[in-house]
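Each of the two blocks below gives one form of the same protein chain as structure tokens; they are labelled structure 1 and structure 2.
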Structure 1
Amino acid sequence: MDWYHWMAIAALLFCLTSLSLHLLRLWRLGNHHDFSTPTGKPSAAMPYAFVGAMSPTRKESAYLHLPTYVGGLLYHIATFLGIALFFLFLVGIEIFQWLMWPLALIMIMGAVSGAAILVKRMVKPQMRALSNPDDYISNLIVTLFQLATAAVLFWPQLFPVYFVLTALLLLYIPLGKLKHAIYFFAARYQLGYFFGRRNVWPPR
């Protein structure tokens, strides 16, 4: 392994350790006893909490801004795909030639979506007023990561740059808003448990 592989591994260990501590903290803070009498089953509400409740038909912020919603989906799909590819690159698994163009296309679509969302945040006064430097930094790092992932599929000589960018992303995830990667799942679980126990979710 080269120095940039070890840099990425060190950043990955830091990221996983930090996120694990965040998750442990969330579990401790949310693990309180509910004295109310349950009228439903939390397990029945979990699929709705993670799927149905995220549908544009159920989210006002989504159906009023469908292009941004679709762009956000593409952005997140490309991000998760990029992370999966990172692990393949790290252990030296080669990507099939016929897969390279579809994978690169997804990564580029994600990066374009991220850039569009960034421009919207900068241009719209309402969004700009609610934004802070972390919003811009997070978007920029992820977008560059996606572009770098698409590039190394065809130009392996860019791997040093790719792994440095990936290391920066992994180091920043626990420090900024990107740690919503765990807060999202924790919040969805808590909502599913709370509303499922009260027989509110899934809606009849």
Structure 2
Amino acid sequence: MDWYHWMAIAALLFCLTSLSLHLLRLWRLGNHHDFSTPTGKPSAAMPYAFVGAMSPTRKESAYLHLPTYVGGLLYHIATFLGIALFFLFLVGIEIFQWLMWPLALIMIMGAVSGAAILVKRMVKPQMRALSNPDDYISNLIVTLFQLATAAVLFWPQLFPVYFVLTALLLLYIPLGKLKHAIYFFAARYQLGYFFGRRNVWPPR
């Protein structure tokens, strides 16, 4: 292993430890004790909270903003795929040749989507007003990570740059809004619990 591999591993450990601490805190605090008498079941609402309620047909944030929704979807698919590839690169597993182009295409589509979201944030006054430096940095660093992932599929000599960039991303994740990678699931859980107890979800 080269120095940049170790650098990425150290960053990964920092990231995983930090995120685990966040998760551990949520786990330790547990559900807020609710003294009211439930009329529904949180267990019935959970699948809806994570699947049905996320459907683009259910959410205005999706069906009123389809280009952004599709862009966001591609961006996240590429991010998760990029993380999976990072692990493969780290342990030195070679990617099948025939997979190179499809993988690169997904990463590039994700990066283009990320760039479009970044431009939207910079151009729209309403988005600018809502944004802080973390929003721009998070968007930019993930987009660059996707581009770098696509690049190293064809140019292995770029691995040092790729691993440095990935290490930066991993170091940054727990510091800013990218930690929504875990809080997203916690938020869906909280909604499922809340609306489930009150028999609002799943809708009838």
Partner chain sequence: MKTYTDEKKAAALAVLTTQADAKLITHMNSCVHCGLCADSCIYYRAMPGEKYVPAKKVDLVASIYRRYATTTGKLFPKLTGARNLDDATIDEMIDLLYGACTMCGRCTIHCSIGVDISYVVRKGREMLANMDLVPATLQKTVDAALETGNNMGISDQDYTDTLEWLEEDLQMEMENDNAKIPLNATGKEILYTLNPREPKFFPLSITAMAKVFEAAGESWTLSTRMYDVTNYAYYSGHLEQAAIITQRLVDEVHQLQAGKVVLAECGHGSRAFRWEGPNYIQQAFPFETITSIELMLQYIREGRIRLDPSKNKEVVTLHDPCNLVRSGGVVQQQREILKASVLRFVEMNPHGIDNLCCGGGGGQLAMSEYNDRRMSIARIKAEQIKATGATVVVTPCHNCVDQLTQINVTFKLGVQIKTLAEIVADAIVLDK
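Residue 1 is the first residue of structure 1, and the numbers go on in sequence order from there. We call the rigid core whatever largest set of C-alpha positions still superposes within 1.5 Å between the two forms. Remember, it's a predicted structure, so these values are computed and weren't measured experimentally.
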Structure number, where the criterion is the form predicted in complex with its partner chain: 2
CA of Ser36, rigid core aligned, shift of 2 Å or more between the two structures: yes
Per-residue C-alpha deviation between the two structures [Asn199; rigid core superposition; Å]: 2.5
